[in-house]
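Presented as C-alpha cells, the chain that follows is alone, the form predicted on its own.
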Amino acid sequence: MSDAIWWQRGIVYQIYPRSFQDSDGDGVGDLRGVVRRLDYLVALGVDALWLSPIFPSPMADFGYDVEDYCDVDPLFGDLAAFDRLIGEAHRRGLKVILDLVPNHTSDRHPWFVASRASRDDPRRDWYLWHDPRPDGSPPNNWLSNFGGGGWEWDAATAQYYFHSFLKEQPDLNWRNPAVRQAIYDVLRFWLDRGVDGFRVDVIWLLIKDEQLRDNPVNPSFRPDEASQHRLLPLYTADRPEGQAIVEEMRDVLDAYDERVLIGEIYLPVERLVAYYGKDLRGAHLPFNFQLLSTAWNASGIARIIAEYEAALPPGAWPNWVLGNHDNHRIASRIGAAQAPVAAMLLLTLRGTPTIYYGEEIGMADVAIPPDEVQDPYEKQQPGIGVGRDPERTPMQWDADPNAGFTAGRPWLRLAPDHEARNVAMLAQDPTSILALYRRLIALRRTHPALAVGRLEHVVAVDEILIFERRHGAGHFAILLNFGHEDRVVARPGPEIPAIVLLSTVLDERGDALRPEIALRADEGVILDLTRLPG
C-alpha cells in the first residue's frame, strides 16, 4: 500500500469533542480528554481523528457559530492544549483533521460586529446584506435550514442579513475576495500548527444566487417534514461558482505535504462527484452520505455502490460514512443485529471509511426528554424529530455511574445501557462488536486488497450482498446477509479453495470448500480466495 496516500489507505474517526472525554469535571469533553484517549484510538487501529469544531463560540449551535477562527474555546482548552494534542497524536502516528466552518460566523465575530455597525463599514460587504422589498418584507423567500425564514431584520442599518442556519449565524459573502483570503489565512494558521487536513462544513452552500431569485416550491413537500424542505434550494445551494472556491481551498492545502480536504455535501451522487473538481483539483473526499439514507437491504445497497463507482471521475478516491453528529446512529437506524454487518460493509468497501465515535461499541440513539433538549435545531422546530442530541451523547468508556466520561454531570444524559455497553466491558469479550471492529481494521492493514484494492462483481442475491476485492495476488469475497433468517448462497470462485477469514459472529467457521455457503441470520463473512502457490 506504499503508493497510497494516508487518507486513501487509512480510516478516519470522528470525535464530537463535547462528548468524548471530560478531563476537568465540568461535564463537557475537552482536548486534554482527547489526549487521554489517544492510545485507545491506536489500539482500535484508526489512522486519523477528526475533531468537530473547537473554536471560541457562544455555543448557540455548539461551536458551529464561530467567534474566532484562530483560537480554541476555553471550554475545550487553549492553543497550548491543541498543540499538545497535535504532538501526541503525531507521535503515535495519528493524523488530526480539523472542522472548518466557513459558510457563516457567529453574530459576535468581530467581522460581523463591524459589518453590522454601519452601512459604510469596510466589512459591510463581508456578509449578505440587502434592502427589503417595497413593502418592508425580506428580499426573497429563502429559508433557514433550521426552520423559518432566512432573513433577519437589522433596525439600526435598515437592511436584512441572510443566515442559512440560526439568526446568530450570519452567512459570509463568498463573492467578496477579501472574505476568501481571510478564510484561506485561517487554513494556513492551522496548517502551520500541524493540522493534517480539514472537513469543511456545508461546503456546497457557500455561494448564493447573485440575482436573489426566489427558490421554487418543492412539489414533494409533506407537512410532517422540516419546514426548510418546503422549497427547493435551487438558488441557495450547489451554485456553479462554488467549484472555484473549493479549488482555491485545495490550492492552499497543496502548498503543504499530504494534507486532505474533505467536503460536507448532502447532494445526489451525480452532483456530489462534481466536487472532486476539474482534473481532481477540488476536494479530495466529497463526503459520500448515501449509507445514511438508503433503505437497508441488499439490492438497494448494491445499487448505490454500483452507481457511485460509475459516477466517480477517473482517478477519484471514494469514501463511505455510516453515521455522524447530524444523523441517527446506525445501530438505531438498522437495529443492533445488523450493526456488525454494517461494520463489515463499511470496512471492506473500496474507499476511505469514517467511523463516528461509539459506532465501534454499538452505541445507539438516546432519548432526550423535552426539558433536557440542547439542540437548537430541535428547539426551532419541536416535535417533528429533527433533534441531533440523541446521537451526540457521551462516549461510554466503563461501567461507572458516568461511564468514565466525566467526574461531573454529563452535558447530555447517558445511554441507559452504558453499564453493559462500554469499552471496558466489550474489550473483554472476544465476540463483541468492538472485537469485530478491531479485527476488521487489522485485516485492512494486513491485506492491501481490502484497503486499496479493486472492487468487482457487486451483486445482490435475495438478501445477500456480495462483492469482491482484488490487489496483486490478493483476492477476497465479502458476503453480507441483510436478512434476519439463515440463507444459502453460491459463493464466488467455487472452483477455488476458500478460507473464511472472518465472520461477524466471530467464531470458527472452517474452510468454505463447498460451492455454496450458508450464512446465518445477520451474518457477514470475508472469504479469502487467494490462490495459494502450487
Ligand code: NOJ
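Sequential numbering from 1, following the sequence displayed. Computed from a predicted model, the values in this text were never measured in an experiment.
One more form of this protein exists, namely the form predicted together with 1-deoxynojirimycin (NOJ); it is left out here, but the text below deals with it.
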Going by heavy atoms within 4.5 Å, which of 423-431, 163-171, 437-445, 86-94 lines up against 1-deoxynojirimycin (NOJ) in the predicted bound form? 163-171
Heavy atom within 4.5 Å of 1-deoxynojirimycin (NOJ) in the predicted bound form - residue from E152, D389, D201, D107: D201
Considering non-hydrogen atoms and a 4.5 Å limit, which listed residue (E359, E378, E264, D73) is close to 1-deoxynojirimycin (NOJ) in the predicted bound form? E264
So, in the predicted bound form, is R123 in contact with 1-deoxynojirimycin (NOJ) at a 4.5 angstroms heavy atom limit? no
Quick check on E468: any heavy atom within 4.5 Å of 1-deoxynojirimycin (NOJ) in the predicted bound form? no
Please tell me whether any heavy atom belonging to H325 falls inside 4.5 Å of a heavy atom of 1-deoxynojirimycin (NOJ), as the geometry stands in the predicted bound form. yes
Is there any non-hydrogen atom of F146 lying within 4.5 Å of 1-deoxynojirimycin (NOJ) in the predicted bound form? yes
Need the contact residues for 61-75: heavy atom within 4.5 Å of 1-deoxynojirimycin (NOJ) in the predicted bound form, sequence order, or none if there are none. D61, Y64
